[in-house]
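The chain below stands alone and is given in structure tokens; this is the form predicted alone.
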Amino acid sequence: MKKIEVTLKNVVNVIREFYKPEKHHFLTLNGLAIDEKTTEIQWIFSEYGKQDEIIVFYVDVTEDDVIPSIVEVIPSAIISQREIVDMFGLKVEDSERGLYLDEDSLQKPLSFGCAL
């Protein structure tokens, strides 16, 4: 696995320059709760024809940050972006809440300490 740190300011451009649809498969946008204030956001890709070749772009965010959308580069990313909004309670540009959770569901179920 290759892990590359990015910033919120440059992530869209970094992914735009990296991503080649004929070469890369966007696997998902993942969140990892680091502590009560910080979540690591990961844009995860594989390379076609290369087993176990995983490339992860990542950045640490707080609830005050707005994560840029990569939908203009990879339209299917909208599903993963909305999942991050529901599961971590984070803001992702142009991504609404309510993909998986009903209004009366546990809020931010994958955020740090939520299940405790």
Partner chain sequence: MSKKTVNIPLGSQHISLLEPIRFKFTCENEKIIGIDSDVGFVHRGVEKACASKFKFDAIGYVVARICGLCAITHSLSYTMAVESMLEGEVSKRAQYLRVLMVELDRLHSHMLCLSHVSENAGFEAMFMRIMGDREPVMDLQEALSGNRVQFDYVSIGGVNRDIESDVAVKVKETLKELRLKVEDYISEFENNWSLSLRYKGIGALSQEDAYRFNTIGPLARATGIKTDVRAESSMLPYGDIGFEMVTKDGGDIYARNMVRLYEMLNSISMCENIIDAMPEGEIFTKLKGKPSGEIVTRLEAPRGELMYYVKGSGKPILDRVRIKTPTFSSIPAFMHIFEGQEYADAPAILASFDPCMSCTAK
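These figures come from a predicted structure and were not determined experimentally. Numbering follows the first chain given and starts at 1.
The same protein also exists as the form predicted in complex with the partner chain; that form is not shown, yet it is the one meant from here on.
(request) Indicate whether the partner chain has at least one heavy atom within 4.5 Å of a heavy atom of residue 36 in the model of the complex. (result) Although the partner chain is absent here, residue 36 would stay clear of it in the model of the complex, with no heavy atoms inside 4.5 Å.
(request) Although the partner chain is absent from this view, report whether residue 9 comes within 4.5 Å of it in the model of the complex, heavy atoms only. (result) Residue 9: no, not in contact with the partner chain in the model of the complex.
(message) Considering non-hydrogen atoms and a 4.5 Å limit, does the partner chain approach residue 60 in the model of the complex?
(response) Because no heavy atom of residue 60 falls inside 4.5 Å of the partner chain in the model of the complex, the answer is no.
(request) State yes or no: in the model of the complex, is some non-hydrogen atom of residue 29 no more than 4.5 angstroms from a non-hydrogen atom of the partner chain? (result) Yes - in the model of the complex, heavy atoms of residue 29 and the partner chain come within 4.5 Å of each other.
(request) Could you list the residues in 29-60 that come within 4.5 Å of the partner chain in the model of the complex, counting only heavy atoms and keeping sequence order? (result) Heavy-atom contacts to the partner chain in the model of the complex: 29, 30, 31, 32, 42, 44, 46, 47, 48, 49, 50, 51, 52, 54.
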